[in-house]
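Below you will find one chain, with nothing else, as structure tokens; this is the form predicted alone, and questions on how it binds or moves follow later.
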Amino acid sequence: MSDQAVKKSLFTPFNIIAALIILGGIPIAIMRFTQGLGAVTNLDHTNPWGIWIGFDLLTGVALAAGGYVTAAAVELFGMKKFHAAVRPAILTGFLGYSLVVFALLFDVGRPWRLPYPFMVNQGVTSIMFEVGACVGLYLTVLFLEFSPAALEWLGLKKIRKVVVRLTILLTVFGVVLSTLHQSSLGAMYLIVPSKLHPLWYSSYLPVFFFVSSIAAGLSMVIFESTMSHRNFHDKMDAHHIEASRHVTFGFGRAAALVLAGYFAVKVFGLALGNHWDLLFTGYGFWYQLELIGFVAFPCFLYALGVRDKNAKIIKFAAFWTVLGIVLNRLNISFFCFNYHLPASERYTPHWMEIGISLFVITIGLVVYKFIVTKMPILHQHPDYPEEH
């Protein structure tokens, strides 16, 4: 490439914005680890969990669910027509969980103690231990599921052959571990009935989190496929381009069914709590917006798009569902948490907390772009034309 071509490929709007965010996030990260949480956050003993938990952890884990959903559909249920979506979904899941662990290093007061639960025999009955153990194990599973693409890129055929033989076993482990920790994230909020607003608090929180993670995973696969088709079209072969249509309509149909089920269990949970009188309060209208606007509405759009064979409607529904998952997790962890406290005592994220979140997300996008550009994710490796 000529010098002018190199500069043109480097100085793109994405690269410039990403570089500015990363360069701005580095000094904040240094400040966090040298001066403590108090220097960069508004966290306190009343509000020990902030946006790093609500967005980086709860939302990140939900949106990374596409890995286990797609792997289960293809490897366990034999839906081979969606096979082209497995590697992008696994990559998104692997990066998502990696960023969750990376973000936890900022949130935990003493990050070097993050592996303590595995080394010190204390608190093994805690729901947080179960979440930590499952996330750590599932991240390992995702690494192994992703590794064939990296091994193909590196030319390590013998090691790749061994890992590929473990595909079914890894998929089963992934589904089991995901079922456990997706639901357990909701179970963590069962211990705070006096802090979480009654409309969002329910004994069915673990069920809500698990079912919504499936909808999130299906929608993220469609959304990721759409963005990859738009930004990395030149990296996709004909097989992946053709398969993207099957993914859009097949996953759209599944998402409509899952969202319908999610809406039903949410209404059932509302009836079980008998909080109908709260629906016409300020928080009640906010709850209705979430339930109708971000669950029932995208469910209708998915069904409409599948019926009319309209890919644009399905893609918009996927984007809207992702927004709905983000809203739900932030409602539970932030907007509707400690709702009874006066405004002066409630948590508001410091701008540096938001900066760190952008810093973490940007690193993930840069790594995703590098991997998709260099490794056989959106195209078949020439040495393995029929194997992925």
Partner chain sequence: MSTSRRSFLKWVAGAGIAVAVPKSVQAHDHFEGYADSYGVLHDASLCIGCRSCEAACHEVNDLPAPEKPFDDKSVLNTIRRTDDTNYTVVNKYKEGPPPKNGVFRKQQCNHCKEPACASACFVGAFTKSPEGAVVYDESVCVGCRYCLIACPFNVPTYTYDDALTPKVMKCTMCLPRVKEGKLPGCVEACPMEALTFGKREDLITIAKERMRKHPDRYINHIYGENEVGGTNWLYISEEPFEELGMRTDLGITPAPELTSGALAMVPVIIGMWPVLLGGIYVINRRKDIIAKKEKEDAVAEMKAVTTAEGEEKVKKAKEQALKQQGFAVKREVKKALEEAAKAKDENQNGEEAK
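Positions refer to the first chain, counted from 1. All values derive from a computational prediction rather than experimental measurement.
Keep in mind that the form predicted together with its partner chain is not shown, yet the notes after this line are about it.
- The shortest heavy atom separation between Gly282 and its partner chain in the model of the complex exceeds 4.5 Å.
- A residue is said to contact a partner when one of its heavy atoms sits within 4.5 Å of a partner heavy atom; Lys157 fails this definition for its partner chain in the model of the complex, lying far away.
- Its partner chain in the model of the complex comes within 4.5 Å of no heavy atom belonging to Gly136.
- Its partner chain in the model of the complex comes within 4.5 Å of no heavy atom belonging to Phe223.
- Site residues Phe82, Phe94 and Glu145 are none of them in contact with its partner chain in the model of the complex, judged by any heavy atom within 4.5 Å.
- The stretch in contact with its partner chain in the model of the complex, judged by heavy atoms within 4.5 Å, is 127-135, chosen from 145-153, 288-296, 227-235, 127-135.
- Among the residues Tyr116, Phe102, Phe249, Phe263, the one placing a heavy atom within 4.5 Å of its partner chain in the model of the complex is Tyr116.
- When you look in the model of the complex, the only residue of Lys161, Lys195, Arg245, His239 with a non-hydrogen atom within 4.5 Å of its partner chain is Lys195.
- Taking a 4.5 Å heavy atom cutoff to its partner chain in the model of the complex, the contacting residues in 326-358 are Phe337, Tyr339, His340.
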